[in-house]
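Given next, in structure tokens, is a single chain: the form predicted alone.
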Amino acid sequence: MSATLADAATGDVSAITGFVADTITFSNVDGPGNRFVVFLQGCNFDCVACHNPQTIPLAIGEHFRTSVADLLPRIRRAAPFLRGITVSGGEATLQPDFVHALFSAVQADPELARLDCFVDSNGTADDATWHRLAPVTHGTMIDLKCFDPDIHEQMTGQSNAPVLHSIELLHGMGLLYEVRLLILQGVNDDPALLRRTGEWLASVDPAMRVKMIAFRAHGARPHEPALVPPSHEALEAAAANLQVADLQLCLV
């Protein structure tokens, strides 16, 4: 049995460790309100537009290893100014024991119990992982890189079938806060494709919250040919093509 699972078995969740790339004390772009964000190391996608490529490798170095007990004092110091915490990545769901332990510890702490706990994910977790996290999770944000399976694979190196399934599953569980679409000019912004995307999202929830994010070159990994950031006008046009039913679109 691993140390992580051994700690869980004895109920000492504060001792459970995960591979943490970084934390942000205050963020207003990683879920509702002001949030403490934990970025976990390791991702199963290889996205062409990744802004955190350093978090992709699955880390085994001890310098990444962080316990729940290490994080709790940092969260407590910021707690008066927070609405909640978000675990992101990398890919948060690759370390479900750590996420579960962190959320459990936050909710058991009298100073932190009011904070809501969100997961920011690429949506590839299996049903068992989502069901394990559900009792301690208040909401999820799922990235849908592209509704077209071939383009999605070109963008990420992986199928979008698990992502679409997670969106449906999490909505049914009442845990889907929003779907996020990163818009790459000339890659995933075809009007007909966006229309199909909107129709599918609306079939899951006609009033789904959808955040459309314009790709920004600053901080992104190099790519040849260079990826083109869409203009604000292009993002508005993409939103017009996506808009179906009562989808709640937010452009950033």
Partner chain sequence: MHEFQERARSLVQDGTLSYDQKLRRLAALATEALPYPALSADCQEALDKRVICDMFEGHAPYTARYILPDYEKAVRQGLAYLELPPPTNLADALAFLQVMYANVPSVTTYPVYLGDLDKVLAPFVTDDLTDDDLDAALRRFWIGIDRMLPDAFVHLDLGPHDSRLARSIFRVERSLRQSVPNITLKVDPDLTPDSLVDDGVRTVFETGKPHFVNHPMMVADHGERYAAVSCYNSLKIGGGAHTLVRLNLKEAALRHAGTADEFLTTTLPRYVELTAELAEARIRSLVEDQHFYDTHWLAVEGLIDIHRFSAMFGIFGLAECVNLLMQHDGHDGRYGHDDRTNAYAVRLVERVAALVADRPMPYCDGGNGRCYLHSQSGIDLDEGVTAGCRIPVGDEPDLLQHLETCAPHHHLFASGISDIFHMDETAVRNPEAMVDIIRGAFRQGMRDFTFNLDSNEFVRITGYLVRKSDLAAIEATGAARHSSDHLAAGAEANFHLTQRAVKRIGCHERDPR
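These numbers were taken from a predicted model, which means no experiment stands behind them. Positions refer to the first chain, counted from 1.
If you look for the form predicted together with the partner chain, you will not find it shown, but the lines that follow are about it.
Of the residues given (Asn52, Asn44, Asn34, Ser67), Asn34 alone sits with a heavy atom within 4.5 Å of the partner chain in the predicted bound form. Of the listed positions (Ala192, Ile60, Ala207, Val29), a single one reaches within 4.5 angstroms of the partner chain by any non-hydrogen atom in the predicted bound form, namely Val29. If you check the partner chain in the predicted bound form, you find a heavy atom from every one of Ala78, Arg114 and Val252 within 4.5 Å. The chain is drawn here without the partner chain; in the predicted bound form, the stretch among 150-158, 79-87, 119-127, 133-141 whose residues come within 4.5 Å of it by any heavy atom is 79-87. The partner chain in the predicted bound form is not approached by Ser231, whose heavy atoms all lie more than 4.5 angstroms from it.
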